[in-house]
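In the form predicted on its own, a lone chain appears below as structure tokens.
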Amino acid sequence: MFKITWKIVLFLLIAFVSVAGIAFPIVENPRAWYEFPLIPGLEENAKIIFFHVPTAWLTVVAFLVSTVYSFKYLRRKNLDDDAKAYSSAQLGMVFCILATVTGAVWAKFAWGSFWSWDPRQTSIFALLLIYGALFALRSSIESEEKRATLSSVYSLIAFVTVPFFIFIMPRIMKGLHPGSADDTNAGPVVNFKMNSSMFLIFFLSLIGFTILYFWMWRLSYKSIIYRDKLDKKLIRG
């Protein structure tokens, strides 16, 4: 009963955040609880933060979880840890692509072009290439143990670039994205001038999408583990 209940709550939470994030109006002087404040430099485009920021956040979380279990695999040589690392890296790529797409949509309305090689766009594109190479590496190796070992080592090295490309590079370089070195309007993402309603929807979005990620990750790595065990039984049989 509990398993069904929390899934219903998660669905309602994601649905509420999606509707509120799109439908709630942005006005200069918010008075009603469902009104969002006008943020200089962002205007109506500010609504993208309810979807773009959570996907970018989960990109980091997923790659971090993948790195943690890659490290665990190197210590214990348990293929279940490799499955958990691999499934989290897969979800990290999905969220990275979603962050890139939502960012490009926002850029079209804010800057007039889907892609302008802004430092933020360049950094997330670099992450896509780095982690895309991880899947290319895994697909080129047949031995389970060798594949798990090499991809775990690669994952540890790859994650070193994540904090730099996500948090450092876009803030030390001049660019169009809010939070860049020369930004004088919105400032860094964490300093957006939100009212209490906007903060609530924003954090509910982060919470909802984070729970969704862990649920998807659990289903993903379990399916990989069960599939591998089934394949081994079929080979032995």
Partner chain sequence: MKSKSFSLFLKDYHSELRTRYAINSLAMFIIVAISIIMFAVGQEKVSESLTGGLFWVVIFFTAMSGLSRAFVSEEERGTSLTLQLLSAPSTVFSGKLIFNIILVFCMNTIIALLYSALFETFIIRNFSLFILSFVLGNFGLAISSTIIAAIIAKAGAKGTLYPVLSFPILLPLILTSVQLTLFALDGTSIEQAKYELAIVVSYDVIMLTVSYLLFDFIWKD
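Rigid core (definition): largest C-alpha set, two forms, superposition within 1.5 Å. Numbering follows the first chain given and starts at 1. Keep in mind that what you see is a predicted model, and the values were worked out from it rather than measured.
Below, we turn to the form predicted in complex with its partner chain, even though it does not appear here.
Asker: Residues V61, V94 and L98 are flagged as a possible site; in the predicted complex, is every one of them within 4.5 Å of its partner chain by some non-hydrogen atom?
Answerer: No, none of the three is in contact.
Asker: Given that the partner is absent here, does I168 sit within 4.5 Å of its partner chain in the predicted complex, heavy atoms only?
Answerer: I168: yes, in contact with its partner chain in the predicted complex.
Asker: Does any heavy atom of L74 come within 4.5 Å of a heavy atom of its partner chain in the predicted complex?
Answerer: Looking in the predicted complex, residue contacts with its partner chain include L74, since a heavy atom lies within 4.5 Å.
Asker: Using 4.5 Å between non-hydrogen atoms, is W106 touching its partner chain in the predicted complex?
Answerer: Residue-level check for W106: no, no contact with its partner chain.
Asker: I'd like to check something about S116: if you look in the predicted complex, is any of its heavy atoms closer than or equal to 4.5 Å to a heavy atom of its partner chain?
Answerer: No, no contact at 4.5 Å.
Asker: Scan 115-145 and note down the residues that get a heavy atom within 4.5 Å of its partner chain in the predicted complex; none is a fine answer too.
Answerer: Read in sequence order, the residues that approach its partner chain (within 4.5 Å, in the predicted complex) are T122, A126, L129, I130, A133, A136, L137, S140, I141.
Asker: Superposed on the rigid core, does the Cα of N78 end up 2 angstroms or more away between the shown form and the other one?
Answerer: Result for N78: no, shift under 2 Å.
Asker: Cα of L98 displaced 2 Å or more between the shown form and the other one, core superposed?
Answerer: No, its C-alpha moves less than 2 Å.
Asker: Take the rigid core as the frame of reference and indicate whether the C-alpha of F135 shifts by 2 Å or more between the shown form and the other one.
Answerer: The answer is no; the displacement is under 2 Å.
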